[in-house]
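Given as structure tokens, the chain that follows is alone and in the form predicted on its own.
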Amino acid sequence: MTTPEPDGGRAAALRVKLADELEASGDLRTEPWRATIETVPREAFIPSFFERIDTPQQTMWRPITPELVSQQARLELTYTDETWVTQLDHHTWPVDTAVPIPGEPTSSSTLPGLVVRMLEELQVEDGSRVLEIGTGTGYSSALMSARLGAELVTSVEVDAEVAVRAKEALAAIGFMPDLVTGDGLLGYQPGALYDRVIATCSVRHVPKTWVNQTRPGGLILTTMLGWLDASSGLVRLEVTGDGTAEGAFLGGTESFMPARPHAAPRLGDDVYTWIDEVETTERATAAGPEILDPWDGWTSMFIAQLAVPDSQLLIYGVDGGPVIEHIIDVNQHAIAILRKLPDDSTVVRQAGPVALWDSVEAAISEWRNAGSPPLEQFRISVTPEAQTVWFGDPVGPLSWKLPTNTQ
């Protein structure tokens, strides 16, 4: 159910246009989901949002609000296949400013192409009971409510103010799914068992609660992330019972904001002093910084982060010098610094109790020896004891345990 639109039907026409575009891209594949895209008003969930502006100094966020931008212009932006940021720094909303401001995105409305692709990959059937992790604006909750019936949708949101806004937007167009304010990593036991679990946040490993709250034969869809920049992958697992599940990566380079406990710790300013002062040993390496470039090596970047899962990527240059990649594990106080030479060869300087780049090199070598298979040929296995990403053999040379030291 939706309310009448005061725009002369312009939003409805834009929804049809968006559905056509998503169908042409291959994200939208089936008629039931097309009907929801054409029916659910996205503008109800993002009446205001931020537009990214990149300047030479920093990224800024321009507020797009009814007070600042015309309804027509806002609708045109709303129905582009873009992610729109709706909150900065956990507390700043677009209506809080009239000028562009800096900030860290902490809530957003994901681009519709990714939303609908994930809903298609979720493989729901009539009557499927769905648990959504991360309500966000409520747009995807509305799509599922329109497709399945709101009584079959449960959604959990950690941010109380985000949850309130989503509930109000859903109610305004006539949907009342079961909305829960709480930690989505814990799932929602009162509604279990679910047929499907879908997460609109990225995780380092699949929470045991999601597996335990899904019926045998049910599916879990989420994005897996690491701490080396933005490398992540969409996975779908089938739950097999007794805390076990297995699945595959689905290809693409989708990513969401990380679940807060799974996010990388911030690197403090003192890390720059440490980099300048630490004593390192240098050697040549055949695995250069190109394997950390998401545009050239999305799978190789994912392999690297499997090899050094607690490491982060820090890239910067000093005084106009060359940009240099630093791999830093703050917990182990270890570092690897990559530097390209004029002849295009690469050297690495390392320090700390573990040789980070040795681990990356070994993993990349095994991957290349196997023919450099793409990420969608990898699988993931979940048991109560461990979670493993692997290719070919779950205990073979191309297999890695995921870090499970967070909930």
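Counting begins at 1, following the sequence as shown. No experiment lies behind these values; they were computed from the predicted model shown.
Missing here is the form predicted together with a small molecule; even so, the following discussion is about that form.
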* Asked: Among G233, P177, G134, G226, which has any heavy atom within 4.5 Å of the small molecule in the predicted bound form?
  -> G134
* Asked: Between the options L292, V330, C201, L314, which residue brings a heavy atom to within 4.5 Å of the small molecule in the predicted bound form?
  -> C201
* Taking the shortest heavy atom distance, is L237 within 4.5 Å of the small molecule in the predicted bound form? -> no
* Heavy atom of E325 within 4.5 Å of the small molecule in the predicted bound form -> no
* Asked: Closest heavy atom of E120 to the small molecule in the predicted bound form, within 4.5 Å or not?
  -> no
* To do: State yes or no: in the predicted bound form, is some non-hydrogen atom of V156 no more than 4.5 angstroms from a non-hydrogen atom of the small molecule?
  => yes
* To do: Work out which of the listed stretches, 268-276, 215-223, 239-247, 159-167, brings a heavy atom within 4.5 angstroms of the small molecule in the predicted bound form.
  => 159-167
* Three-residue site S107, T110 and M257 fully in contact with the small molecule in the predicted bound form at 4.5 Å by heavy atom -> yes
